[in-house]
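One chain comes next, on its own, written out as structure tokens in the form predicted alone.
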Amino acid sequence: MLTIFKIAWRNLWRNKRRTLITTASVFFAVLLALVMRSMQLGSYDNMVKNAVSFYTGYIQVHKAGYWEDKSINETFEYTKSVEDEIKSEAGISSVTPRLESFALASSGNYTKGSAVIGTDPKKEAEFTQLNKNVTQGEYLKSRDKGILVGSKLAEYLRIKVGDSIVLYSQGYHGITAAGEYPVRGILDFPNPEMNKQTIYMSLSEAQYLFGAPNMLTSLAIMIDDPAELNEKVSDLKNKLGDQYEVMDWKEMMPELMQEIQADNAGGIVMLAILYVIIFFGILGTIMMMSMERKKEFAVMIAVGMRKVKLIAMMFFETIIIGLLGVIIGAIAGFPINLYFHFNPIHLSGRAAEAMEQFNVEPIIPFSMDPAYFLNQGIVVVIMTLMAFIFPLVFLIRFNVIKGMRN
């Protein structure tokens, strides 16, 4: 078999042009598939990362029924036993308590509806790295009396660090919630929508404002391995019981999930069309390899070479060409994907607006998942093997006499 392999290798380089044409077909198939699919998967990863890391977390725990109308009346008592029960689950990296509601934010003649998020400043910094989004002023301290305001909201209200704004809302069980708060810092998020409406304050101050002492609307949870998401949700549901609802990010943001699924389906169709085109390109060159060598095959059989060995030789030739194309394509695609992984494409216009509607930063970083590189290579090798069916059938039905007369 080693001798057959050596003959196959030498055969490839007897006609360098033919070999290079066939290898180029495989090379472009791998390169185009890697770049196109890497861009698509990278954009999905960025969407999920934005949604999870900047706000929701992978999982949230609420009082049963809270998510349906998100009322502050559907809160639950913040007890250390609940948090400890969640943290006891292996693979959970952090848990952040929050009390969230809506309020009118007013400064002078300017008023705007805002999302008020009460949180533990230290835990929130570990969870979402909120402190790194402070561009002016300073971050909140524990039990701070001040607030952090989104940059666009601050512009609208004509306020800066050191100014005060009034928050007016309806608190727990219908009580009036109102207070004046100094602005400790200005936040600038990659997500434009959060810049337009978000206010952060310490958890204790939010509980006082809304008249909900020691109450929470949610516990946001980050996990170590996103692949274990479904397992963690199931385990937490069993641990916490029916009085709590445990939701993953897919349930909390179904629009984003549907957008990803719809776009992914379109990407798979486009990739399939690309594969079909490339497959026929590979098939055409392999057919050429077979048809133009009729006399060569006839002579080899006439001097005593069995068809089985001839088929094995063609198989090795096809495999070598496929592997050469895959390896060269992967080598060429790697630096392209690596560059755009660290230097993502920035979108503008309608494309950017569409992404911002889902609270996603309008950029497209490329994916560098090793499994993805491997999968694309396997697909192209399979296509090459499928193209080998033609020389296989051709050699099985090959007529030596006709071949000698070619």
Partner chain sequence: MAIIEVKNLHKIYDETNVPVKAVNGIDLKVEKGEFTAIVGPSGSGKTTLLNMIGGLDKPTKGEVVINDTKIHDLKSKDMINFRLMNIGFVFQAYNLIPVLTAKENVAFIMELQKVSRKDRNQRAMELLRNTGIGDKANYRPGDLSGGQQQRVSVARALASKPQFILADEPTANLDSKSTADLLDMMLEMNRESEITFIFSTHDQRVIDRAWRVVTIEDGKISSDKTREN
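Residue numbers count along the first chain shown, from 1. Between two forms, the rigid core is defined as the largest C-alpha subset superposing within 1.5 Å. In this text the structure is predicted, and so the values were computed from the model without any measurement.
Below: the form predicted together with the partner chain, not depicted.
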Completion exercise
Picking from 240, 104, 92, 301, the single residue whose non-hydrogen atoms come within 4.5 angstroms of the partner chain in the predicted bound form is 301
Exercise for the section: Report the stretch among 138-146, 72-80, 174-182, 302-310 that approaches the partner chain in the predicted bound form to within 4.5 Å, counting heavy atoms only. Expected result: 302-310
Exercise for the section: Indicate whether residue 11 is a 4.5 Å heavy atom neighbour of the partner chain in the predicted bound form. Expected result: yes
Problem - Partner proximity in the predicted bound form: residue 120 to the partner chain, non-hydrogen atom cutoff 4.5 Å - result: no
Practice task
Tell me, yes or no, whether residue 296 is in contact with the partner chain in the predicted bound form, where a contact means a heavy atom of each within 4.5 Å.
Solution key: yes
Handout entry: Partner contacts for 217-255, taking the partner chain in the predicted bound form and a 4.5 Å heavy atom cut-off
Key = none
Problem - residue 310 C-alpha relocation of at least 2 Å between the shown form and the other one, rigid core basis - result: yes
Problem - Core superposition between the shown form and the other one, C-alpha change of residue 175 at least 2 Å - result: no
Practice task
Kindly check if the Cα atom of residue 292 is displaced 2 angstroms or more between the shown form and the other one relative to the superposed rigid core.
Solution key: yes
